[in-house]
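Next comes just one chain, in structure tokens: the form predicted on its own.
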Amino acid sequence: MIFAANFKTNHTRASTKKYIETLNQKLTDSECKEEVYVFPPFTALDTFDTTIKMGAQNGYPVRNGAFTGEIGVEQLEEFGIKTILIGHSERREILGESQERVAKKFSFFQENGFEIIYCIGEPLEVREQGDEAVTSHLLAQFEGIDTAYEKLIIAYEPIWAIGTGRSATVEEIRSTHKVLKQSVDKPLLYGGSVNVKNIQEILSIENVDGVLVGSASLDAENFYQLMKK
């Protein structure tokens, strides 16, 4: 199983260092065999002595250059970062990243050999229209994306379940993941209000290969407990 922690705009350089040390010790002591990823904010990136895969929450499709406020491959390589989140709904919805923009970013980081966790999801108004509308909306988010890329992981996150405390139902996850797996045969994560109370049920669903966790991953002990369920 894959367990990925997305810190978003949380944690500092100091608290991230402590988090990684704590989590790494727990994983080592328990001989945990799960694949574990952590995506801290840019200011907390560093080279850590750990088997945990460290990733970037975002990146600008350039090696370096005159792009004020952006992070390119040159900066990520300094810390050995070769994993990135692309297409997260908060960047699509809040920051206005179009599918064209997302696809361009995907292609660039693919060309540079990055492992990509590619995020897709639907808003509540689409979910309320039924399964056919959801499928159409999700598959449209693969436009311009090379789904055959060998270093691709998909994360399905219904937008209406992110940070709301309301996770999708077992049947909603099962039916959506089934359709997605039929279209894109890649590791498929679920994200959206994952916590210690629902993790066991979510991971037991067919075609769920792991989880992308937000708020429930901000505490190292809590994130570790998800892996033990």
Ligand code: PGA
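Numbering starts at 1 and runs along the sequence shown. The shown structure was predicted, so the numbers you read here are calculated from the model rather than taken from an experiment.
What comes next is about the form predicted together with ligand PGA, which does not appear here.
For the three residues G163, G192 and V213, verify that every one has a non-hydrogen atom within 4.5 Å of ligand PGA in the predicted complex; reply yes or no. Spot residues vs ligand PGA: full contact, yes.
Contact with ligand PGA in the predicted complex for E115, defined as at least one heavy atom pair within 4.5 Å: yes or no? Taking the distances in the predicted complex, the answer for E115 is no, it never comes within 4.5 Å of ligand PGA.
Give a yes or no for E90: in the predicted complex, does one of its heavy atoms lie within 4.5 Å of a heavy atom belonging to ligand PGA? Yes, E90 is a contact residue.
Just one of 49-57, 192-200, 178-186, 34-42 has residues with a heavy atom within 4.5 Å of ligand PGA in the predicted complex, so point it out. Careful reading of the contacts points to 192-200.
Would you mind checking 1-28 for residues with a heavy atom within 4.5 Å of ligand PGA in the predicted complex? Heavy-atom contacts to ligand PGA in the predicted complex: N6, K8.
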